[in-house]
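In the form predicted alone, a lone chain appears below as structure tokens.
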């Protein structure tokens, strides 16, 4: 997953059903429905708590039925991350793509990110913040590697949007895009953590103010 991959995911439209492959698409929809539930469950209990048995109980399905879609716990975990990523892209990345490159698009992206946190798009809050906290001190492995790559590439995506705003003349070209992206990411993550812990929606107003203030400071002179 790269910043370009996030952009591509935001532009992909769902394929239309037809008679020739309708059965396959129905099977895919069943798999997607399972993974939607898995992502919600993992946002509460973490990916390590996401087992075939636990998910079967949640869905009221048999373990054998789930094994037909996922052959192992690791395969289920990785597929769940993919499903969560698509939901994140739909809610956070895709909406701002309609705007031209520049500060307005950066602000829209950040506002949609805060709205995603506020709206609790996943049942337990942000799926990715949950699994980052879960895997940050674990030894390396396929699941941790994907979690780490997603975190790294989202900040890289933010940095690329900052660079585009600089190229558009909206942000000071002397600003370090990676530094600004890190600060924006930190504000968003802090807002989510405080909201999940305290359930105080005022944190989103504070986060929006912090983001706007930081972008004002980085803006080029009128």
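Keep in mind that what you see is a predicted model, and the values were worked out from it rather than measured. Numbering follows the first chain given and starts at 1.
One more form of this protein, predicted in complex with the DNA, exists but is not displayed; see below.
Using a 4.5 Å cutoff between non-hydrogen atoms, residue 50 counts as a contact of the DNA in the predicted bound form. With a 4.5 Å cutoff on heavy atoms, residue 174 does not count as touching the DNA in the predicted bound form; it lies far away. Although the partner is absent here, residue 168 is not a contact residue: none of its heavy atoms lies within 4.5 angstroms of the DNA in the predicted bound form.
The closest non-hydrogen atom of residue 65 lies within 4.5 Å of the DNA in the predicted bound form. For the DNA in the predicted bound form, the listed stretch (111 to 119, 82 to 90, 67 to 75, 146 to 154) containing residues with heavy atoms inside 4.5 Å is 67 to 75. For the options 193, 30, 37, 179, the residue carrying a heavy atom within 4.5 angstroms of the DNA in the predicted bound form is 30.
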